[in-house]
Ligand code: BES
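Presented as structure tokens, the chain that follows is alone, the form predicted alone.
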């Protein structure tokens, strides 16, 4: 379904719509939500429902009603919760809840009202936030579905923002749509089955985005990686017939004084290799490239907003399969930076491909900061569940910037400790390092392995294993499948970059 957004600073009066979406604070009614000026015939049934407490405005609750107003026969009331507890993220979630039921309205021309009451509780432009939520919430992945469901047959919906109080702008509406569309791009990539999304397809997507937004894109092939000494990345790809790719996207701004590198794990399918995963839920290992998808989505936005900082997008793309040439437990490989690494478990492959990618980008581009995103460890899900990703860092200053971007975007992060003692368990018996530790703290140890490949560059590792797919109870996230986590976080980080 195609969703288009228009903006008007006029009143909804004299406009003919199939439906109108309104956002209502809990227990404050229409007046307290800035909606008292709606035509009587339009608001009467809703006002009665509020007075009878059928609808109270409780967060993320919706009520669909028919009206007696000829120009707008339907109204969808969306609860945004208590006014003193509101922020941009809760508004985004409420709008996402509305987005999920757009199809069920059976309406092609839908308006939504923006009021100054909403802007007062949002720390980001309210129009941008609402459009982000509505667009993200309306997302569905139906590429492989043939259905008689009437909702799937609705080809397009036009949303129109009515802003008579001039609390937002056409630019903010456009920005919200752009951010959501690129997050949905990351979702689409994540949801693609591994037979249709291989390393070469990630490379093609990067080249397309780069061409569209006038960025440089280079794809290193296995022959080039071999010359560069990337045995960790190449070792992971040995069992697959599909060649690995190291994808480099370069955005430069003539006034930039610093460079930030964004590095994504792109394992398009992870069987675990010789250390084979259990069969249950192995189908979900197509999502092991969601870090790469986040970098692609972020670069698509960065190419449009033109931040005053150079950005290098890096994707290490491969499959991890068991084959006759597959890497074996006990193998020792040489990393790009010269470290010898013992492979104790071939299912700890993400840190191997990222290690070579991190070492390369630090050596080649000398960035001022590096952020990597990876569905790295199941241990992160045990530690944090599905509502925050884990973070490991060597720089408190950079971590604070990431934390601010996370709070702004709604892609939440939680910093984990990285005391030196944790690193003892990955000291190699025969080489410099081993790719897994012994015992607990798997998420921390995975992050500390990566620290060996960033030299002294300020760096934050984000383990998105719990947040990249199947996140429930968040209004703008799909009930199943890829979430696009990290796209907007990376964009907010870059857009609000403070030199370090």
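From a predicted model like this one, the values you see are computed outputs, not experimental measurements. Numbering follows the first chain given and starts at 1.
One more form of this protein exists, namely the form predicted together with the ligand; it is left out here, but the text below deals with it.
This chain is drawn without the ligand; in the predicted complex, the residue among 72, 348, 383, 107 with a heavy atom within 4.5 Å of it is 348. Of the residues 418, 408, 282, 379, just one reaches the ligand in the predicted complex with a heavy atom at 4.5 Å or closer; this is 379. Partner contact region in the predicted complex: 265-273, out of 321-329, 169-177, 129-137, 265-273, criterion any non-hydrogen atom within 4.5 Å of the ligand. Contact between residue 375 and the ligand in the predicted complex is found at the 4.5 Å heavy atom cutoff. Using a 4.5 Å cutoff between non-hydrogen atoms, residue 462 does not count as a contact of the ligand in the predicted complex. Within this chain, residue 433 is remote from the site of the ligand in the predicted complex, having no heavy atom within 4.5 Å.
A residue is said to contact a partner when one of its heavy atoms sits within 4.5 Å of a partner heavy atom; residue 469 meets this definition for the ligand in the predicted complex. Contacts with the ligand in the predicted complex, taken as any heavy atom within 4.5 Å, map within 274-291 to 277, 285, 288.
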